[in-house]
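Next up: just one chain, as structure tokens, the form predicted on its own.
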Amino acid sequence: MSSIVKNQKRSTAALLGRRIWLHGALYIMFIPCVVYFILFNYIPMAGIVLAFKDFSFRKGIWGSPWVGFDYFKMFFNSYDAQRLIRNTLIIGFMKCVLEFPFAIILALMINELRNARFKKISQTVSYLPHFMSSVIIITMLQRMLAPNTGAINQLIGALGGDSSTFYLMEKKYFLPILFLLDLWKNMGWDSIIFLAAMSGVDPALYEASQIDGCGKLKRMWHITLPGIRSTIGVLFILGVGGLLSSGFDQIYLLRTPGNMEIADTLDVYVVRTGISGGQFGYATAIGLIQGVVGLILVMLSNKISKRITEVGIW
């Protein structure tokens, strides 16, 4: 029995070596990706130990005394915990769930364009905002929404309305502004993956549907969307893991004394307490909670998706 197992291991190793030899160029191109994840994702995970230590610069990470789960208890017993979790879930749901269909719709619209030049221009224009800095975008937004002098208020004033509204100082406008801003910035970039998946749908299916008299909407619904179902499922499952990670830069830049009640999220709180407040262990504990909850959500959504739609990550 042991000899059979050894022979199987040898044959597997020989097959793997043969594949590496045949596709050596691809494996070489893959090396920078592996190095990147090792350096910036796996090695920094050693810092998670800060969540269980009373960190001291003099003693270092490993020399600092252990505090166990004190930071976790401190956070859940704090006055801000409920508000921070609620705000983070609302913004995370908005970004991960409500914005998700828009990238698919944009990809469907671009995919139906028949003029190749116009199609390339439309795609380029749609994903250019992704490369713009959030600082630049929100600075432009602040100028546009400024009371009396902003373009939006001037237009409202010209139509006979009140032109003195300070939108960024009012809590009720924060979520709509953040939704539209994030959608404009990321919708085009997110649609690239769906466009790539659509290019793999068999053209013969479209030709057969045209012969049967199907219109564009029916072809989208019955051919294109089922053809990219697995891509949609995988990206949605991965997106669910970000429900407790609402992002930092946009929210931090949009925060004002007027909307602070709803704009204060876990990501902003971690940076504020960790970097500004110097509570590195406490901030690491909150970040660890976000990571663990995200992992659990991904595993649960993957299990549910596989049971219902037979689409999953693993």
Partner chain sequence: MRKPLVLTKSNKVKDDLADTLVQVVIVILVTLFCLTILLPFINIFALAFNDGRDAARGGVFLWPRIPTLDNFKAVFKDGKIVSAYKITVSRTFLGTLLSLWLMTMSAYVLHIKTLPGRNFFSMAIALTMLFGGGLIPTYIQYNRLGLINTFWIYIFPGAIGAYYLFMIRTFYDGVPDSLIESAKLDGCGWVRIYTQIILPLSKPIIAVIGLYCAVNHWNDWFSGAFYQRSNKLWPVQTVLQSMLNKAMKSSEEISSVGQLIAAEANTTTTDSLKMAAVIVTITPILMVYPFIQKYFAKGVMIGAVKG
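Bear in mind that the values here come from a model prediction, so they are computed numbers and not experimental data. Between two forms, the rigid core is defined as the largest C-alpha subset superposing within 1.5 Å. Residue numbers count along the first chain shown, from 1.
As for the form predicted together with the partner chain, it is not shown, yet the points below apply to it.
Though the partner is left out of this view, A196 does reach within 4.5 Å of the partner chain in the predicted complex, counting heavy atoms only. Though the partner is left out of this view, N87 does not reach within 4.5 Å of the partner chain in the predicted complex, counting heavy atoms only. Contact check for P226: every heavy atom lies farther than 4.5 Å from the partner chain in the predicted complex. None of the heavy atoms of P176 is located within 4.5 Å of the partner chain in the predicted complex. Not one of Q82, G160 and I251 places a heavy atom within 4.5 Å of the partner chain in the predicted complex. The listed set W184, W221, F93, F72 contains one residue whose heavy atoms approach the partner chain in the predicted complex to within 4.5 Å, identified as W184. If you take 120-158 and check each residue for a heavy atom within 4.5 Å of the partner chain in the predicted complex, you get K120, S122, Q123, T124, V125, S126, Y127, L128, P129, H130, F131, M132, S133, I136, M140, R143, in sequence order. The two forms, fitted on the rigid core, differ between the shown form and the other one by less than 2 Å at the CA of K306.
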